[in-house]
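Just one chain follows, in the form predicted alone, and it is written as structure tokens.
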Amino acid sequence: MKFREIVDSPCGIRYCFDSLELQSGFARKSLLESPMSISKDEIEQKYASLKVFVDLVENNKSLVQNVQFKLQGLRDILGTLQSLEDGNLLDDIELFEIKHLALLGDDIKRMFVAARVNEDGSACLNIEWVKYDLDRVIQILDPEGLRIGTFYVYDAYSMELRKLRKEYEVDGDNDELREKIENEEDRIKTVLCNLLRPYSDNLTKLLHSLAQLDIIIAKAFQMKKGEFIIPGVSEKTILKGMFHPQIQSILAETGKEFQKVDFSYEIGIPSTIIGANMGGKTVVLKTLTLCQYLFQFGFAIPASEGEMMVFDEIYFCIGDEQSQNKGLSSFAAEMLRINNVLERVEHGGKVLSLIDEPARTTNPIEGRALVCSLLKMIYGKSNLSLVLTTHYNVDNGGRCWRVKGLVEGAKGISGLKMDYSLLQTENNEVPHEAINIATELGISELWLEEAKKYLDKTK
């Protein structure tokens, strides 16, 4: 799975992506094309790099900001480098692009060395970096040693070229001289391309490394600004003080605070979240999904403390699953998607599935039966973690979490306020709080009185 496949997930990861202070379009493209890490070692390595840069942001912010300024000059020249490797003759603009890249890499390397971060900068980046022969590339494209970010076929390349150009200055209308100059320039470009070709692979690696540098610095600033944390890599998931940054930002604009919550789950034991509508169940599910994606793409996560499991596949089922193109109803599309998760589990991959109120669009008797049977069927699966929300009273063989719900407080029309914290419970019955919540919303008293009378009759 690549980042671009999940960037518009309804969990809200687009907000985190857009808030990254990336300096180059190529870094943005590289992040979108990056694959999800499914290896514990790879995730730990990414976090080791992130920790180094978070430390740099804290202790040498000016260095990091100066590097960011330099990275604004990073351009996608993969096409040029491929053309070089393929043996094509490059024009002046393409040779300029290579010179600019080499000088950029060398300048940033010098900045790290001057700051005594590390002799060669490699420990600081913890990614492929400076075993590339930038000096030789720069010598080839900057024969006069001026380190100026421009390129043309310099007189220093050829005494013959210098001679022809001087003659042309005197006789500017001489077409034969002009042709000789162009032929000599092409000859020199051929020589330059032949000299540069052995470095095409290292230049490509340098380009990708600078993009990764841009990305990791942006992640470090995001972690500091958002007060995110780097979780441990574990065989279970425990998150404390978890929050959704986008919703937190929206609430802050109206002077409200996001109530952070704690949650945990593990392999083989399904977790069910129950609670009244408007109780925050869906927000919890979105936040869990967001944290998992961020974790497996090497971002810090929005929580106070945490340790997390690594999964091969992540499935997030939420909202209207209707597919008009396939002629499927919401219910049918949802059932097929959940069934796809079950099939993937049978194939042996380690799967995390997060499902928001499954079977809610069918009648409640069959809906409850489908949810209860799903929980029973997947209990003990050694390669599946399932977290689902529901408004059904379910027989749950796993863990059940209940939104604390309406409690006494200063807020609210009737002196009640919503507490979104999650409590583990042995009682799987969904709390009956719809009338109270409707009252808090200021819904018609006549309507609610009639609803209460109806409830009294059905008891």
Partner chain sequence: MPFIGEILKYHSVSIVGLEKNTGKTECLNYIIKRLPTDYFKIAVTSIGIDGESLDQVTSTAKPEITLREGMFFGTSEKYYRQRKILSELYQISEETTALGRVVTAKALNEKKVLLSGPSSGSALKRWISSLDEIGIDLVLIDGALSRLSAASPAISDAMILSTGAAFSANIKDLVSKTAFVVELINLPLYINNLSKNINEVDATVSSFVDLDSDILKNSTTIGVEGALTDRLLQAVKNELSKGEKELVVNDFTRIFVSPDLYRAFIRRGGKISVRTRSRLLAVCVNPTAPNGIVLDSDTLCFTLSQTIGLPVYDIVKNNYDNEI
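Numbering follows the first chain given and starts at 1. The model shown is predicted, which means the values in this text are computed figures rather than measured ones.
The same protein also has a form predicted together with the partner chain, omitted here; what follows describes it.
This chain lacks the partner; the member of 107, 262, 85, 185 within 4.5 angstroms of the partner chain in the predicted bound form by a non-hydrogen atom is 185. Checking 157, 331, 221, 151 for any heavy atom within 4.5 Å of the partner chain in the predicted bound form turns up a single hit: 151. Although the partner is absent from the chain shown here, 92, 97 and 172 each have a heavy atom within 4.5 Å of the partner chain in the predicted bound form. The closest heavy atom approach of residue 165 to the partner chain in the predicted bound form falls within 4.5 Å. Residue 197 falls outside the set of residues with a heavy atom inside 4.5 Å of the partner chain in the predicted bound form. Although the partner is absent here, residue 10 sits far enough away that none of its heavy atoms falls within 4.5 Å of the partner chain in the predicted bound form.
Using a 4.5 angstroms threshold between heavy atoms, residue 376 stays clear of the partner chain in the predicted bound form.
Exactly one of the stretches 142 to 150, 223 to 231, 201 to 209, 293 to 301 approaches the partner chain in the predicted bound form with heavy atoms within 4.5 Å, and it is 142 to 150. If you take 1 to 40 and check each residue for a heavy atom within 4.5 Å of the partner chain in the predicted bound form, you get just 25.
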